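Given as structure tokens, the chain that follows is alone and in the form predicted alone.
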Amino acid sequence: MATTYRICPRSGLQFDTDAEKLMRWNAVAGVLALLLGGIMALGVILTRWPAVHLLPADQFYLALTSHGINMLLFWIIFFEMAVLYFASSTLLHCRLATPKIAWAGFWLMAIGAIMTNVAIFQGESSVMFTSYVPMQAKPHFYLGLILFAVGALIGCFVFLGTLVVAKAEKTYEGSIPLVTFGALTAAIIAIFTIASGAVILIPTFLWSLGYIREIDTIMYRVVWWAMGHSSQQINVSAHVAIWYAGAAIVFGAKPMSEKVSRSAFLLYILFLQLASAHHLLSDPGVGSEWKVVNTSYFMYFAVLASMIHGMTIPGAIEQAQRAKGYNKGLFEWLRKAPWGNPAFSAVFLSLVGFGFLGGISGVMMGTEQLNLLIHNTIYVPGHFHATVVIGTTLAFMGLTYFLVPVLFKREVLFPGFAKLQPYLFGLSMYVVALVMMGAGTLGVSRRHWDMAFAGSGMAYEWPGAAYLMMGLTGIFGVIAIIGGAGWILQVVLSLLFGKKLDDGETRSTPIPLTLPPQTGGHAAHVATPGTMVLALVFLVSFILYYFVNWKYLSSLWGMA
């Protein structure tokens, strides 16, 4: 069957029709996983809220397992597959490599996601996201994850194949666009991540069938975290690419320096996965030398990369705004930004929350000594709600407001709610992340069904501040769930009942991309004093929080 291309009349983007269908199906599958994970989140949050304590222990751990798997794996990786196909075939104006194999990958992912969820809801598979041995789930729990991983791996190779097709057929000139380069970074990290998962999940699956007598628990943790944490590093690369895309879509902004931004993505490939070490700092399975090197010298290169992106993206926006005449004072460019456009507000809230909450707390957690303060407390989910939910999910939501009319050819319903939704979801999640980290600093456990251990010999009465913060976690968690549910409902209703938009021109041959977005050097030099002030505020916050935690540690860890 001959490849056809659709030219979107609203954006000018060119879609290979095979890739377009795959983008839609992957995005919809991701939203369905988000819906299920969000329902489970309501059960989790209302149980951890001491005044409500909704679910009994067995149902709580079932809900927690489903929430973690659906949110951290299925929702995000399905959506990332859509991003990979968009960043390759659409941005490079070329056909999708091997669409039949891409569909096979999608169906493996879908079957795997369904199989794992069936195992969870059948019971006896409430092993949570980490699925630590010797806890054992049903065989189809592990088999579902393996099938999902294989399907995602196929999607990554189709993405790489599409880059080869674009180069061979000369559909673009110069370097690939920066957004595509970011997606390439995500794909490379994904291949490492999935390979790590295969190394440990395949023998664990055989163990669940009885073919292997036992799995060494320490070895399992070390290898599993190469997948468990690195899977979130795929997200980081993907949502940073979306930040650049959002700046280009809304402002026509160009990177301050493409070479610097590309170098930062390269640092992600080399060093980002090493952040996995912070989950192992209390384990005896790896030596102190490995822990110190990974959590200091090496990990700081990944931190540097994120700080570069955190400065160049607002800087690019400031340059674009000042070029339009918003030059009064330090922050007129920011005050006059289109805060009512959810494609911008979601991306900016994502960037700020990821940097200030997720980034600073991540460096603190990745310091071997400071990690002892919060290891296995609710501080940890507070941190990754700042990174994965505020950073990744909010950025994906912002991109969706652009893609509904462009990719699905439907008008977004309820534009008033669309303006409000990023603030409702994002700001409430800011509070959730902050109070979780606060409760974790006081020592509230990460996963336990009842923080007070009521009725047991280990019952413990926490200070009032801990109960207050867990109560705030419940209140603002419910508000965030309402914001997320509203987004899902809005997207679904828009796809079903939104005004159908013009399909645009259909062609049998692609239009070559002669001037790719985000390439051709760097933006014209324009001073960015506002961005510099914001960067200094971030740096001061970083230093203060880092040393406050050292002071806190010194008060707990006396030296003889």
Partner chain sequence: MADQEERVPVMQQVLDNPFLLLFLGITVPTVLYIVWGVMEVANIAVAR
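Numbering follows the first chain given and starts at 1. Please read all numbers here as calculations on a predicted model, not as lab measurements.
Keep in mind that the form predicted together with the partner chain is missing from the display, and what follows is about it.
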- Tell me, which of Val164, Ile475, Met135, Leu489 has a heavy atom within 4.5 angstroms of the partner chain in the model of the complex? Val164
- Just one of Val223, Leu434, Val250, Leu334 has a heavy atom within 4.5 angstroms of the partner chain in the model of the complex, so which one? Val223
- Query: Going by heavy atoms within 4.5 Å, which of 224-232, 348-356, 463-471, 305-313 lines up against the partner chain in the model of the complex?
  - Reply: 224-232
- Message: I'd like to know if His93 sits close to the partner chain in the model of the complex, meaning any non-hydrogen atom pair within 4.5 angstroms.
- Response: no
- Task: Could you confirm whether Arg447 comes within 4.5 Å of the partner chain in the model of the complex, counting heavy atoms only?
- Result: no
- Query: If you check in the model of the complex, is Gly287 within 4.5 Å of the partner chain, heavy atoms only?
  - Reply: yes
- Task: Evaluate Ser428 for contact with the partner chain in the model of the complex, applying a 4.5 angstroms cut-off between non-hydrogen atoms, and reply yes or no.
- Result: no
- Looking in the model of the complex, the residues of 397-413 with a heavy atom no more than 4.5 Å from the partner chain, listed in order, are none
